[in-house]
Every structure is written in structure tokens, then in C-alpha cells.
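Okay, here we've got a single chain as C-alpha cells, the form predicted alone, with questions on binding and movement later.
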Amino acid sequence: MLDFIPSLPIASWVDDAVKWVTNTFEFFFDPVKDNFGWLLDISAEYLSMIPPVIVILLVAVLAFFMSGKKLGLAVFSIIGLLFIENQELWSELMYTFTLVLYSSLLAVVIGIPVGILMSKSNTAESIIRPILDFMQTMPAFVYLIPAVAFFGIGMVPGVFASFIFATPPVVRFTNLGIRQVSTELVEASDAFGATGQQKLFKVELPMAKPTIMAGVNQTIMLSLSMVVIASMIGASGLGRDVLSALQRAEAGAGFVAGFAIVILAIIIDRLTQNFNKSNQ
């Protein structure tokens, strides 16, 4: 029907752009892959060296105090982590936790300043918001392609893809939280002669902290949701067990590995939520 309109070679343009970036910034990608990959591996190995009983007790104690000295989360953490250890998935759990930890840290360290920038500039918000829409609506599998092109196979591209996928919530919530700070409080700080930096760190960020922490929580959950997808490009952890079970049609193994991911997700989610409540 529209044959008179020539087809735009979008796919070729994207391929050329990825190749150009890969070749031009090879001096950056290769050291990042080697050094950051070493950091990820050594972190997971050191965590795996800690006796599981000690880790379980530490998590239980942390859960007990962060939940207001209630036993529910602590008991769940003990039973859940003991189940993972019983199923001989402890090492995979440590690799999964490492991937989530580093991708979430990168997302928070970069996302919060970007959110602050959006809250201070309507122009920046109008530019960044469509980018965030694109990042959130693009299928997660698509991020694996440039990740492999830039960093090869392994944990590093898994962290990169998880970081891209998980960053938008913390950016949006930071922007929203600061913009929702009471105008009266901002005007009062201006009246007392507060500088822009003082107003940000003494008034706006403390008042926006609950909203920002909700964004951090969502970012961590999205990082965890990328575990199975990241395993498709060589990331170690529980996701690899799920993928292996899928390829072999082993329902039992897939359920056990998936259930271990659910346990980790619940523990992290409740801990971050309780941390937010305890600091309000």
C-alpha cells in the first residue's frame, strides 16, 4: 500500500552505530570488562567463602532489628536461606546477589544525581523523560545485544544490561520526590539565606527521602528481575540454573531455582522497605 515510500535502513544504521561505538571506545570497554569482571568474580567468591550459617544469622539479626524487633522477617529469612543452602544453590545465590548489588549501586549512584538535575530544570526533564520512557518500554532482551558487543560474555554485560533496565525508577522517584517538597519549606529556607546546595541537602533531599527510597527499592527489584535474562549472556547465578532447566525441560530444577530467586527478592524487598520506615 505504501510501496512508493522507500524503506528506511534503521537496522543497518543501528548496527553501524554499535560497531562504531565498540571500535572507537574499545580502549574503555576492554579495561572495564577485565577489571570490573575481576571485581565481580572476586566479590562473589569471597561471599561464597563465608560459612552459610554465619550469613544466615547476620541476615536474620539485620531483619529482626530493621523490622522493629519483629520475628516474622527474621524467621522467614532463616527458613528461606536454609532452604537455598539445602538445595546446594548457595554459591549461585552469592553470584546473583553480587550482580544485583553492583547493578543497583551503579543505578542509584547515577540515577539520583540525574533525578536531581531533572527536578531543578524543566528543560532537562523534558529531554530526559522520553529517554526514560524508552529505557522502560524497550524489551529487556534488546539490552543484551549492545551489552555483548561492548563487553563480551559474562557477568559484566549482565550488570550493564541490568543497570540500564533498572535505572529509570530511581531517576523518576528522585525527580518526583524533590518536586513534591512543600513550597513553604523551600521559601522558608530561601528567606533564611540558604544557598542552593544547603537547600538541596538540608531541606529537599531529607523531605524527599521516602519517595527516593521507594525508587531505590524498585530499582533493586528490577535488577533482580534481570537475573534470568542476564544468564543468557553468560552471567552466573540462579538465573543460569533457571535457563538450564528451561533448555532441558526440567520443571523441578527450574522451580527450585526460581523459588530461590523469589526468596532473595522478598528478603531484599522487605529489608529496603523497613530501612525506609525506620528512617522516617
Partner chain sequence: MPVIEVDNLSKIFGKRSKEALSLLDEGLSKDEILKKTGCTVGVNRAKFQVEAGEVFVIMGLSGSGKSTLVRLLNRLINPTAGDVYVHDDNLSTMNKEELRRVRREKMSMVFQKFGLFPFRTVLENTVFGMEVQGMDKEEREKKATEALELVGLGSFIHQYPSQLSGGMQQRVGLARALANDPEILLMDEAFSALDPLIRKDMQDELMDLQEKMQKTIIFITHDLDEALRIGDRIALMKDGSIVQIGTPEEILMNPANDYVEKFVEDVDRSKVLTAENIMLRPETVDFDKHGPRVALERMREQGLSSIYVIDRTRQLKGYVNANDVLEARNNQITSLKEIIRDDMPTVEKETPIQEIFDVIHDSPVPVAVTEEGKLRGIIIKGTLIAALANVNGNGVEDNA
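Residue numbers count along the first chain shown, from 1. All of these numbers come straight from a predicted model, not from anything done at the bench.
A second form of this protein, the form predicted together with its partner chain, is not displayed here; the remarks below concern that form.
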{"item": "198, 137, 180, 121 - the one with a heavy atom within 4.5 Å of its partner chain in the predicted bound form", "value": "198"}
{"item": "Contact residue in the predicted bound form, chosen from 206, 113, 130, 72 - any heavy atom within 4.5 Å of its partner chain", "value": "206"}
{"item": "Contact test in the predicted bound form: residue 192 vs its partner chain, heavy atoms, 4.5 Å", "value": "yes"}
{"item": "Close approach of residue 185 to its partner chain in the predicted bound form, 4.5 Å, heavy atom", "value": "yes"}
{"item": "Partner-proximal stretch of 206-214, 138-146, 80-88, 105-113 relative to its partner chain in the predicted bound form, 4.5 angstroms, heavy atom", "value": "206-214"}
